[in-house]
Each structure stands twice: as C-alpha cells, then as structure tokens.
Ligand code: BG6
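Here you get one chain, nothing else, as structure tokens; it is the form predicted on its own.
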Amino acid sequence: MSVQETEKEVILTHPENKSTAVKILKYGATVYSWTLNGDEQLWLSTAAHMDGSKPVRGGIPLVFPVFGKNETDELLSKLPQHGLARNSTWEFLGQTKSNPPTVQFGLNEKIANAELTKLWSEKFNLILTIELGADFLKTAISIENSATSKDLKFNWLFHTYLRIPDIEDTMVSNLVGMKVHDKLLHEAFIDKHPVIQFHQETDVVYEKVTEERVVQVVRQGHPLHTVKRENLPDVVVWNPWTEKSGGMADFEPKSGFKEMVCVEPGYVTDFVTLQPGKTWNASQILSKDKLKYQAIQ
C-alpha cells in the first residue's frame, strides 16, 4: 500500500519507487521526512518533540494565522509565535489519489488546540493536501472562512527546513532585485546581491516575489533544492547560526545549523482578508531541477 496510517502519523510511499516517501505527523500536520531515492531532503532536529507536546523543530511546520509574534492586532496578538496550526492535532481525511499518492488533512476551530482557540475564536476550515511525486513534493493549503458575517484575517507560511551538506558553501538564488526586509538589521532595501550567502545568522523576508521567480538552493554550482510557489508572494530565508541555535533547547545537534537552511514561502508581509464563505488557496512545490539563473528584471 502506498498510504499507511498509524495513531500518530501517515506515511506515503511512491508506488514506483519504495525509497521515495514522505512522513507526516498528525500533530501540526507536519511533514517531518521526505526521502527522494533514499536521500533525506528535509532537516529535522534530533531533539524535535514528536509526541505532540510542542511544535516540531524541522520538516515543514505550518504557520497560521499569524507569522511571528503579532503586537498590534487585537485578536492575533493574543496568540503565541506562529499561531495555532502547528500546535494542533489535525484530522486525517484520507487518500484522494493513488498515483501520485495524495492525502488530505483538515483543521477547524472545533478540533484545533482549545487553549489557543480560546484566545482567537475565529471560524475557519483548513484543508492541507500533500502530493508525493516521483521527483517532487507538493504541499497545498485551502483556507475557508466558515463564518457567516465576519472577515477572516490571517497569515500563512510553509516553514520549510531544507537539508544541505554545508551552509558555508551554500547559496540561495533568484531573489536579486526583490525588496527585502532584514529582521536583524530592522531595515528594508532592494537586494542587489546575485545570491544569498551565509556567514552569520540570517533572517530576511523577500516581499512580493513573482511566481515566475524559482528559488533555488545551490552548492558549488549544483542545485540542491528548487522551490516553486503558488499564491505565496513572500519568501523568508532563515539560518540561526551559532548563537541562536545554541539558545533553542529543541535544536540539536547545536552544529545542525551547518546542515540546514529554511526557505519559507508565505503570505506574511500583509494579511489575507477573506470574506465569509470564501476560500483562499496556495501551495509550494519542492523538487530537484536544473540550475536556473534569473537576473534583475
């Protein structure tokens, strides 16, 4: 069988290649492993909480309805950093396609983390679709405002941890010419650098990046990861480096920052405002692809 369900997780195996698989925890609907021809593509902390006690450090945590810690919105400011989706146990809705194997998970205010829905009592219905291709992994989100008279305001982000051999000779490409907000410098500017290189902690948000921009993680001229986006105009690039990783109890080994980079497609610079009864859709596709250089347009 290409889909196996246990009490805590769902495992998809590609029917044409047993060494290509994806593993999803029901807690947070968190993809925590994606192997392609036997090679792990995602980074997962060895100290990650896999028991539902805390959000998972690594894989693809889901950020909703707020990115970071909001200080200004009357309702969203009550929530912890990154909201409630990664802190809730999702319902496994079943398999929707056999090849590529595709499954869905659901979350709404009735089954989400009760401690957090007390703080943020909006009505919503989320459906996450995970599709395991022979050479790609697609994660798609559908968000419905199930209220009858009130708009739903939210952020969404796939907090994707990509596994790499060595951060110091790894680059992220094809974001040149985009407006970027550096969260460490507290500055916004147009990035003129042809690639992002890593020599210290990096925490930047690229804004209004067109879908034609194919973000790639490149090492020594060889593309390691390709990230395509649909309806996700922002791209966060993050690496905690030495000091930040040292301060996170669930980040292990402490040298693990050398073997990961987060490339996170999202809608985080602004909020999505969704009218009652309406649905908003977005997705990311992770794959291997040929080197593609996109210069300033």
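Quantities reported herein were computed from a predicted structural model and do not represent experimental measurements. All residue numbers are counted from 1 along the displayed sequence.
Heads up, the form predicted in complex with the named molecule isn't pictured, but that's what we're talking about next.
Taken together, the three residues His159, Lys244 and Met248 all lie with some non-hydrogen atom within 4.5 angstroms of the named molecule in the predicted complex. Of the listed positions (Asp191, Glu211, Glu122, Asp203), a single one reaches within 4.5 angstroms of the named molecule by any non-hydrogen atom in the predicted complex, namely Asp203.
Checked against the named molecule in the predicted complex, the candidates Lys78, Lys97, Arg219, Lys183 yield a single residue with a heavy atom inside 4.5 Å, and that residue is Lys183. In plain terms, the part of the chain that comes close to the named molecule in the predicted complex, with a heavy atom within 4.5 Å, is 81-89 out of 102-110, 81-89, 219-227, 127-135. The shortest heavy atom separation between Phe271 and the named molecule in the predicted complex exceeds 4.5 Å.
Using a 4.5 Å cutoff between non-hydrogen atoms, Arg57 counts as a contact of the named molecule in the predicted complex. The closest non-hydrogen atom of Leu42 lies beyond 4.5 Å of the named molecule in the predicted complex. Interface membership of Leu232, defined by any non-hydrogen atom within 4.5 Å of the named molecule in the predicted complex, is ruled out. Taking the named molecule as positioned in the predicted complex, the residues of 233-271 that bring a heavy atom within 4.5 Å of it are, in sequence order, Val236, Trp238, Lys244, Met248, Glu264.
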